[in-house]
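Just the one chain here, the form predicted alone, laid out as structure tokens.
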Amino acid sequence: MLSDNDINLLAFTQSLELTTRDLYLTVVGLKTLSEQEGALLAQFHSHHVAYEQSLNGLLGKNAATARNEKVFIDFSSKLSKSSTPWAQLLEIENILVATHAKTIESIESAKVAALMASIVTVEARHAAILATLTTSDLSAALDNKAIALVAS
């Protein structure tokens, strides 16, 4: 059984995964993307769908039912102002990595912390791939300066 603390943290995490899922859905079909770029983004989208579903399974009746609208609107606006989505997607992935890593520090269940760690690992890989599309300076690209979001 999950503690109230874990439920709150996981529901917040799930809302961010729902948000990111929806953000990827808005960019997958951009006409400015090559076929390979679209396929890459579709794969990243499917990862966020899987994370949201995993969290839903853990939370059951306590599952989040909506994305984080504030984050979605903020990033939708950023994405609409750019011809390529790389920097904005990198930013959201870095925020997720920072947020999920911070969340792991407060999770009480070792099983839940392990799931969160597996999600962070893949999202950090997403960020690394996206970073290489934004700059050729690998050190600068991989330096995650994102600030973690906090569950309310």
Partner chain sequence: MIALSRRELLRLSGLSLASGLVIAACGKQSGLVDDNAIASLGQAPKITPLAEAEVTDAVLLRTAASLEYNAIETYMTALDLGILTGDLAKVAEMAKRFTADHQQHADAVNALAVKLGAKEYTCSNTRIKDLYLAPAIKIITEDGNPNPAMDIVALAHAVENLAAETYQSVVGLLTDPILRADAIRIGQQEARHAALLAQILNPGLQGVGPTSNEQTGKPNIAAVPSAFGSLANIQLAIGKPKPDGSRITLILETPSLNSLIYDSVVCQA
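Everything numeric in this text was worked out from a predicted model, so none of it was measured. Positions refer to the first chain, counted from 1.
Another form exists, predicted together with the partner chain; not displayed. Remarks below refer to it.
Quiz item: in the model of the complex, does each residue in the set L18, V28 and K70 place a non-hydrogen atom within 4.5 angstroms of the partner chain?
Solution: Negative, none of the three is within 4.5 Å.
Practice problem: Tell me, yes or no, whether T132 is in contact with the partner chain in the model of the complex, where a contact means a heavy atom of each within 4.5 Å. | Solution: Looking in the model of the complex, residue contacts with the partner chain include T132, since a heavy atom lies within 4.5 Å.
Practice problem: Look up in the model of the complex whether A110 has a non-hydrogen atom within 4.5 angstroms of the partner chain, and give yes or no. | Solution: Residue-level check for A110: yes, a contact with the partner chain.
Quiz item: Is H47 one of the residues lying within 4.5 Å of the partner chain in the model of the complex, judged by heavy atom distances?
Solution: H47 belongs to the contact set for the partner chain.
Exercise. Using the partner position in the model of the complex, report whether A127 sits within 4.5 Å of the partner chain, counting heavy atoms only.
Key: So A127 counts as contacting the partner chain.
Quiz item: Along 51-90, which positions have a non-hydrogen atom within 4.5 Å of the partner chain in the model of the complex?
Solution: Heavy-atom contacts to the partner chain in the model of the complex: Y51, S54.
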